[in-house]
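Here's a solo chain for you in structure tokens, the form predicted alone.
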């Protein structure tokens, strides 16, 4: 049952509920209230722990959303094979958030208030992630933003109940900008998807470029779901920048890459594509160009990766993408760490689980990255290894699309501005619950 410790109304309501439940028990009937109406029935811990997986299946990030879901399901299945969490089975439900904030709001509300999901995980589009955050914060529901990477998610749109698992635009910019300025040139052009992730990512790039002595000569705003980039690419040809930095994602970046390749513009300037998600690359590797960021690659020469890839392939033999990429990896890691945190807390109480997460350290070996990672207690973002990559000219197999050219320590790619923008509520202002 949801429990609010800071409301006289809620205390009075709990007293009424307790009396009603006692009366119901005496009479052999039951009366339940609110979104957590079944919790008292399962007081002995037999009730499954239910997760709400908020994953796009359509829209700009439909492919990424389903790859995210595959990673989440793998982690859940691995826990259930070993007996679940605290002796309780993990169940899940999902729905298409449609790359649409309004849909994300409705689904988050339904998952919490009607389907009794104790925890939410998902999102690629940062507008959708922020919409889910608002609903989760209202109920105190812990929400893991698995794959949306706007700097605002760990900055002004942070929340005490939200944890951010992907690298953000600032992290990737800090890893790439200085080297590009020194080796390529100082005149930069920005191509920006016209929504929160695009705006905040380009703003982070601009700040890094200007700090290092470069110049932003223009910022071209690109509406979501753009498929014809002719007018933008004509401007690129006219401006002749040294570097073009894109903050364009999902199906939009796939269309942009194709048209840049068709016009043979990939060599007219240096391209830095802030982050490239594996589902956006797979199926069109011939259009991959420039330098881009990622958080993981399935052929990194690190312990545990080959075994993880094999488990993933065994679970999804019919997947349209034959190997896991950064999106599926983030979904897996987020879900695994949520379930581990419940174990460490020894409880599903949200405040106890939050405490088990804040500041939590994860070894490089455990996360299959080069450097140790940790959950920043000030912003709730996972600070992790940031990789830069480019197209692999000598692949070892058909999935070997990347050449990893650098890996940056978390502290070197840290989003320094986020802690000043993020205001996390104290415990007393977070609705408390246990499922």
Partner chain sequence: MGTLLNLLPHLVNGITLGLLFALIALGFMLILGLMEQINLAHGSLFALGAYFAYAICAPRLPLPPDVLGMWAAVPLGWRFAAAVVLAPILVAPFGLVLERLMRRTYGRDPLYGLLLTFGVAMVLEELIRMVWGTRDYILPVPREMSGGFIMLDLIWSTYRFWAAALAIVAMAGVWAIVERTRFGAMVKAGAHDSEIVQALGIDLTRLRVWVFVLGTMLAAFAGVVLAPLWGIRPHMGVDAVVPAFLIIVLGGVGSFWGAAIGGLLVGMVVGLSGAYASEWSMLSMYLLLIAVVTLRARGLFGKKSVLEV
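Residue numbers count along the first chain shown, from 1. Note that the structure is predicted; figures quoted are calculated from it, not measured.
The same protein has a further form, the form predicted in complex with its partner chain, not shown here; the description that follows concerns it.
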Based on heavy atom distances of 4.5 Å or less, which listed stretch (167-175, 258-266, 102-110, 77-85) is in contact with its partner chain in the predicted bound form?
258-266
Students should find that, of 408, 63, 383, 379, the residue having a non-hydrogen atom no more than 4.5 angstroms from its partner chain in the predicted bound form is 63
Note: exactly one of 283, 185, 359, 346 sits with a heavy atom within 4.5 Å of its partner chain in the predicted bound form, namely 283
For its partner chain, considered in the predicted bound form: do all three of 59, 228 and 254 come within 4.5 Å of it, counting heavy atoms only?
yes
Please tell me whether any heavy atom belonging to residue 220 falls inside 4.5 Å of a heavy atom of its partner chain, as the geometry stands in the predicted bound form.
yes
Contact of residue 115 with its partner chain in the predicted bound form (heavy atom, 4.5 Å):
no
Taking its partner chain as it sits in the predicted bound form, is residue 232 near enough to touch it, meaning that at least one heavy atom pair lies within 4.5 angstroms?
yes
Using 4.5 Å between non-hydrogen atoms, is residue 224 touching its partner chain in the predicted bound form?
yes
Can you name the residues of 308-334 that have a heavy atom within 4.5 Å of its partner chain in the predicted bound form?
320
